[in-house]
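Next up: just one chain, as structure tokens, the form predicted on its own.
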Amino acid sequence: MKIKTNSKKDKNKIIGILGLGSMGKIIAKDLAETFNGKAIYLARDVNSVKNLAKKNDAEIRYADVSKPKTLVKAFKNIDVVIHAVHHEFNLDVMKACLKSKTNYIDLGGLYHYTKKQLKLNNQFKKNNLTAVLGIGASPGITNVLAKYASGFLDKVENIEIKIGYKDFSTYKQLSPLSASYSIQTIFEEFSWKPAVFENGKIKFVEPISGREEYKFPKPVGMQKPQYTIHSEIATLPYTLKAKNVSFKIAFDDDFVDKIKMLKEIGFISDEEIKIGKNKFNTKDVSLEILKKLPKTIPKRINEYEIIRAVVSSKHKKIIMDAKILGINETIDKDTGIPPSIIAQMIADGKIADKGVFPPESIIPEEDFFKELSKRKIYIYKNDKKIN
């Protein structure tokens, strides 16, 4: 995919990526192909990203999320930092951005972190900075789909977000437990109580509950979405003034059974276990063990995902879909591409409001959809393509 503009590089516009794991690499790829400014890779292990930086003509700076002072130094003169490390560091990175006078983007905070981050709104506004929380696939695309749909209704009663996925890939090797995103996040989504906004009030339901059959458009078809803890519920009920808001994502039956087994035998709890004279967090030990499992090696990637927002009033329903086909590239681009787009909009001055915002409150929907379309992520309203 090459959609680079003809304009010369503007070295005065700088976007930093904090964390160059699997998602950070997707962000880096999109910036290399579409951004007419300079990219800086912010990494704890500088040597690990040297080849990538050379390939994409990017600068490298040392930054360790566990050492906030290194962040402030590393962020100097960067216009926007995209935080692609785990969400438990979101607040620390935001505070470093305040000190370095840097705009901020992240991929989500699993509800609880997002709530805390929103409280920094006045500080970002006072410092003339912009922070966009949760702009990946979900949260992110989901929020903007819901906002766009709300424009066709007099009043929003219900917002249902559902994610469905189908894998037609062939593999040279399959991991005993593979996931399309962080296994730590998976553990949290399967063990933390999901938030649901019902009849104007937040309630927390049991993990892995609400799992029932739902038919997505072809080729995804019948899936079993379940409630999981997610950031959309932290903002959409209030920004769009909805009465009911829910989030569900579908996982393969076999995958769910494996995670449930780990959960039932206590492997994903936060309890401490004593081994000899040492104490360890059970979940941390499990994660370290899982990191040593054989990796999944694809033969040919062929994936399809549908990100759906069903927004309705008493008399009208709007179904918004983002449809993502992954042929020889992972559909995880739907998480890595949005932060690249929004970082560029901030760097280019297309997003200029100051403060801390969820995606639905600040992102120009149609411009965003056009950029997604350039990357072969297509948006549909009531099954009709709109971009």
Partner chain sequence: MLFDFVVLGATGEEGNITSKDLLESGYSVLLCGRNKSRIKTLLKYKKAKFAYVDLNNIEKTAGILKKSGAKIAVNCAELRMNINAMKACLISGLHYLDLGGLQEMTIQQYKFDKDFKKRKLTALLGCGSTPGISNVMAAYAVNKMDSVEHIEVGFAWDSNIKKFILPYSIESIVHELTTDPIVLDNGKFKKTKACTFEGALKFREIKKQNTYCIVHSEVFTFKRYFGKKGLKFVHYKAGFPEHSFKVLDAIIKLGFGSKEPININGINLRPIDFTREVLKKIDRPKGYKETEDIWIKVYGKYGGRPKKIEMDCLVKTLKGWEDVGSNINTGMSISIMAQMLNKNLIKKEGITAPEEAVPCKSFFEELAKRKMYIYENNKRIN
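Everything quoted here is computed from the prediction, not taken from an experiment. Positions refer to the first chain, counted from 1.
One more form of this protein, predicted together with its partner chain, exists but is not displayed; see below.
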Proximity of residue 222 to its partner chain in the predicted complex, heavy atoms at 4.5 Å: no
Its partner chain contact at residue 155 in the predicted complex, heavy atom, 4.5 Å: no
In the predicted complex, residue 212 touching its partner chain (heavy atom, 4.5 Å): no
Residue contact check: residue 262 to its partner chain in the predicted complex, 4.5 Å heavy atom: yes
Among 269 to 277, 109 to 117, 232 to 240, 76 to 84, the region lying within 4.5 Å of its partner chain in the predicted complex by heavy atom distance: 269 to 277
Answer option from 184, 286, 130, 246, heavy atom within 4.5 Å of its partner chain in the predicted complex: 286
Single option in 91, 179, 293, 301 placed near its partner chain in the predicted complex, where near means a heavy atom within 4.5 Å: 293
